[in-house]
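Below you'll find only one chain, the form predicted on its own, shown as structure tokens.
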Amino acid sequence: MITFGKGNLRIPKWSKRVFMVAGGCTPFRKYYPEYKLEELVMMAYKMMLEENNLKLSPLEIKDSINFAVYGEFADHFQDQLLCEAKIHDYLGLDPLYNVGIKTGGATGGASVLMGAQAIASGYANCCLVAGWERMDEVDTRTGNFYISTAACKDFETRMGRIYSSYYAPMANRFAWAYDLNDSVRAKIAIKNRHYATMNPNAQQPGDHTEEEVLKSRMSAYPLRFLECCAMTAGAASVLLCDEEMAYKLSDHPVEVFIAGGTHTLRVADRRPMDIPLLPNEKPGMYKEFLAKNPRWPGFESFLAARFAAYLTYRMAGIQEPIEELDLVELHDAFTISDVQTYGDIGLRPYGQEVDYVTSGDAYFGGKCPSNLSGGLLGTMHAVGATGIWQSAECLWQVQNKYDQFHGDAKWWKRAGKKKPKNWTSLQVKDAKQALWVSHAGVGSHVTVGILRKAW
């Protein structure tokens, strides 16, 4: 896409309002030898039905579901095609119709989008969205190869058969173009992994120093191991409803706005184009920026994320993202993917992304904190579940339930952990709007979703 034609920039409109009322997830781990995949999905499903203060019993809610969307990145991991049919049967939802979604790392977000479309169209009024990844049934090297084949096998896969090698040149280019140094990336890893220490479901939480991050093993220059997420096994689910059903089920429903964008798999073939302006951006504001960096989006930015944000902000009536959003959950598979997204979704103008971190806005207590869940770096990247889990974390923040799902000792016990003595609440005070980004590959598919308090 070089220039937009008539109709390309139409803003999506729901025929009916869409709401999210509940979420659930498993603890996230490297290995889950004690559970079958179906049991992991059931764990998330039961948590969603039983632990979200819903006004109907779990059986009554199950009896209300009339559509299901399932997200799974790769059949390869559990050697089972059409896994969604097996899961659907195990949950006892046959013969209700279900669909499976695969859009790489954005599978979770795309699944929420598909479920939202079913509600908005009137096809369903109560929709289960669940996702999973079983990344522990192959060795890490094989798993990394499977994931790498989500890039273009004719070009990108040959670069190294591991995703950090795809992001490494982008990190180097971004550093050259926008004055990003290793210290800022290290701060992101430190922040997100620290927030994960407050999350009982986190796979790799930890308190690290900048020196530890910068001295950790190199994955692909300049990205070090502590700047990269891990392969994860686990599942997540959320429940979407129309307005009538949402208030029947919950006293605290949250309204959903979500849209997506795509871009070629071949990063080196991303030809320059005009920047689609967000509602807070003015014509001509990027004149100097483009004089220095004329090949937007180039290696530095994600057109798919910018396009998804362009649509979603207009769907939700967002004018000033940094002022109107109370928190964000970003796709920090690598520290550099986190930084790149700041400009794409307008947390900062392009070229000023570093300031979002150095100003303190990205931290708990800041203007718009990011990845209070621990993000992908600290908590999980069970790919098909990731975007769904991110939406659940946003839901719980807006519902003022962070403490309920992160501070209760029973969740730490479920995860086989002991609640830390220094556990600290990361509940954002009076949160009304939260955004999450679900991102695939090197920006080939992206969804941007916004949840808004609706009571």
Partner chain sequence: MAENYEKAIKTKYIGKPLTLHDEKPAWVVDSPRAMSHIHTYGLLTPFFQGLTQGKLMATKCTNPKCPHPSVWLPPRADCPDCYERMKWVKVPSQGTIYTFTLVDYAGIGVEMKTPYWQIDVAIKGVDTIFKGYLESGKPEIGMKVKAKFRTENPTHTILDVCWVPA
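Positions refer to the first chain, counted from 1. Treat the numbers as computed from the prediction; the structure is a model and nothing was measured.
Although it is not shown, the form predicted together with the partner chain is what the next lines describe.
**Student:** Does the partner chain get within 4.5 angstroms of any non-hydrogen atom of Asp242 in the predicted bound form?
**Tutor:** Output for Asp242 is no: heavy atoms all beyond 4.5 Å of the partner chain.
**Student:** Can you tell me if Asn8 lies within 4.5 angstroms of the partner chain in the predicted bound form, counting non-hydrogen atoms only?
**Tutor:** No, Asn8 sits far enough from the partner chain in the predicted bound form that none of its heavy atoms falls within 4.5 Å.
**Student:** Using heavy atoms and a 4.5 Å limit, would one call Pro33 a contact residue for the partner chain in the predicted bound form?
**Tutor:** Yes.
**Student:** At 4.5 Å between heavy atoms, is Tyr247 in contact with the partner chain in the predicted bound form?
**Tutor:** Heavy-atom contact with the partner chain at 4.5 Å: absent for Tyr247.
**Student:** Taking 4.5 Å between heavy atoms as the contact cutoff, choose which of Gln319, Thr197, Thr149, Thr142 touches the partner chain in the predicted bound form.
**Tutor:** It is Thr142 that has a heavy atom within 4.5 Å of the partner.
**Student:** Only one of Pro276, Pro169, Pro279, Pro349 gets a heavy atom within 4.5 Å of the partner chain in the predicted bound form. Which one?
**Tutor:** Contact check passes for Pro169.
**Student:** Within 4.5 Å of the partner chain in the predicted bound form, counting heavy atoms only, one of 267-275, 353-361, 108-116, 67-75 shows up; tell me which.
**Tutor:** After filtering at 4.5 Å, what remains is 267-275.
**Student:** In the predicted bound form, which residues of 172-190 put a heavy atom within 4.5 Å of the partner chain?
**Tutor:** Residues within 4.5 Å: Asn172, Arg173, Trp176.
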